[in-house]
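Just one chain is shown here, as structure tokens, and it is the form predicted alone.
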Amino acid sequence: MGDYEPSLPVSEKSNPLTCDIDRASAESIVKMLHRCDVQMFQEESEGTYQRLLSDQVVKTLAEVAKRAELILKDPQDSLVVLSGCGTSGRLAFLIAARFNRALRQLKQNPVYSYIIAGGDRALLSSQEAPEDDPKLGMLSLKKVCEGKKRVLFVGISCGLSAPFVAGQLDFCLQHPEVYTPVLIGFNPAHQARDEAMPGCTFTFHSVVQRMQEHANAFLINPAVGPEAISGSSRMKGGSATKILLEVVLSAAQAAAFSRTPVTCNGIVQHIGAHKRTVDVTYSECEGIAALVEAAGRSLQGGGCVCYLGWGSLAVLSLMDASECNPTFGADYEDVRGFISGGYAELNINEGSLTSLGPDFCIAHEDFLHLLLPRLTDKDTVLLIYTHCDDVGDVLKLARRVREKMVNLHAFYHQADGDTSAALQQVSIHQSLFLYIYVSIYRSVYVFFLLQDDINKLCLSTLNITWPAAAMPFCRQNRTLSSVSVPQQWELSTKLVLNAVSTGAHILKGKIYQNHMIDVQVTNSKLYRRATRLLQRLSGRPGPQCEEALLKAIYQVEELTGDIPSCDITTHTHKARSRTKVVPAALVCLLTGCSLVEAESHLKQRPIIREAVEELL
């Protein structure tokens, strides 16, 4: 990995494992994704970058966990803030919400807060422009932490590149008496972006250098290998972010309330549990491939994919759906997510966002009233839940959908518990716990009856079963559990949904080799990524590639007037109203045709390779 495409940061390299993923079948796509995800846990070898299980990374995780432990033990005027852009910010929300919920169950006051560039609307839709504003990042952090005397700040930027996060880290470094800054990313420090940011005298690279020199700042930046789809950090970058945050905060919470000291060995074991989660998930390759195939057929035929979820798994479905628009240039209706309970269950800072438009209507009731009447058999609906959720409610919704269409599928988790063995371990004097175990036994029996009815309504059912010994109890038995839904279920769900949405868009033709060719050029990071991508795929010089990109953005055959001298912000603002700018630019570069010819061929041949081959 160190020598492969040496001019590119690790997070932007193309993965040799997936160079022909755009020609692969659904099952082959899933197998390729599995091999890529396993790379997260590879051991460090001589001459490569530090990895997830490298000694220095583990030691830093332990140190940060101890800082979090201090705040949990003495939370007065203290806060742990998780912040990021896009996927990173969505994960910050998910994890802050879950660990605050665990604290409430322990009769403790919440100490976790989240920040996402663009505010809460960015949890559900792409809000790229705020990512480029370091001052906005600083102001948002300052507002959240007003009046606090001690703050552990965790900024997440997978490529060590987001100006929004750089502004926050710079502010922390200027106020060390209050803030302890932590940066999570997946590039080596020297690959941090070293470009000027609007209104700033510093770069992300200079911020990283200052953090390395600061005794009270922490850099957690293991390399997890190139993404399966080049630059798509929502995938491995997002999964590794979730793993790192959960490892740190779980260790801190156990130390603060269970008298389990933070140790490097404990950190390693927790990471190992996540590795097993990846293995268990992909052991169901055939079932995942069936979902990819169904979703792919829907997108190819002009249909849509709808996720109907419960609990935190529904939050992950909302996240996955929101990422399809900027990643693949998809319409917001192509992949939609809905959550049981709507905004009341989501419980975000800004409350309900339904007034912002139909794409912010996220409750199951919204699906029933707004989408279901328009669905046909060319669309795909996927139910996402666990055996701890209200499976009776799942069955009712499945019946409503099945009345309208046949393309219904289910994906659920359950614990494979030997209930009788568990009962034998309970002392006869522990009548309360005996009652709870009997209740669980009855609920499992009812679950299987209901699940059998759901299976009969669905074209396919993906069931991932987990060893009961590793599972905390369900949300109905909160007194026995510090988390409502196991971390394993969440990570597993993320992997499956990433595979479904990515695989479906691959089958639709949105990927060229293993590159996100139809990416929306809506901020400086994506503008530079698009220029590099065109250069890499066409073999043409950088200036010629940028010229082709600008022609596609401004819809002109020749660049005239002030266009070449405008700054990137002006270009990205213009690009927000355009579609297929990168594919059109690439076709022009590869074939020498005009922009009009390129756009015409792409309308007839949306799969980029086919359009290029036909023109050549």
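Nothing here was measured: the structure is a model prediction, and the numbers come from that model. All residue numbers are counted from 1 along the displayed sequence.
Missing here is the form predicted in complex with D-sorbitol-6-phosphate; even so, the following discussion is about that form.
Engineer: Could you confirm whether residue 168 comes within 4.5 Å of D-sorbitol-6-phosphate in the model of the complex, counting heavy atoms only?
Structural biologist: Outside the cut-off, so no.
Engineer: Going by a heavy atom distance of 4.5 Å, is residue 320 a contact of D-sorbitol-6-phosphate in the model of the complex?
Structural biologist: Residue-level check for residue 320: no, no contact with D-sorbitol-6-phosphate.
Engineer: Can you check whether residue 503 is within 4.5 Å of D-sorbitol-6-phosphate in the model of the complex, heavy atom basis?
Structural biologist: So residue 503 does not count as contacting D-sorbitol-6-phosphate.
Engineer: Taking heavy atoms only, is residue 327 within 4.5 angstroms of D-sorbitol-6-phosphate in the model of the complex?
Structural biologist: Although D-sorbitol-6-phosphate is absent here, residue 327 would touch it in the model of the complex, with heavy atoms inside 4.5 Å.
Engineer: Counting only heavy atoms and a 4.5 Å cutoff, which of 127-135, 488-496, 349-357, 264-272 contacts D-sorbitol-6-phosphate in the model of the complex?
Structural biologist: Looking at the other structure, the answer is 127-135.
Engineer: Of the options 386, 380, 514, 161, which one has a non-hydrogen atom that comes within 4.5 Å of D-sorbitol-6-phosphate in the model of the complex?
Structural biologist: Contact with D-sorbitol-6-phosphate in the model of the complex is made by 161 alone.
Engineer: Which residue among 309, 222, 225, 86 has a heavy atom within 4.5 angstroms of D-sorbitol-6-phosphate in the model of the complex?
Structural biologist: None of the other options qualify; the answer is 86.
Engineer: Is any part of 181-214 within 4.5 angstroms of D-sorbitol-6-phosphate in the model of the complex by a non-hydrogen atom, and which residues would that be?
Structural biologist: The stretch 181-214, when checked against D-sorbitol-6-phosphate in the model of the complex, contributes no residue at the 4.5 Å heavy-atom cut-off.
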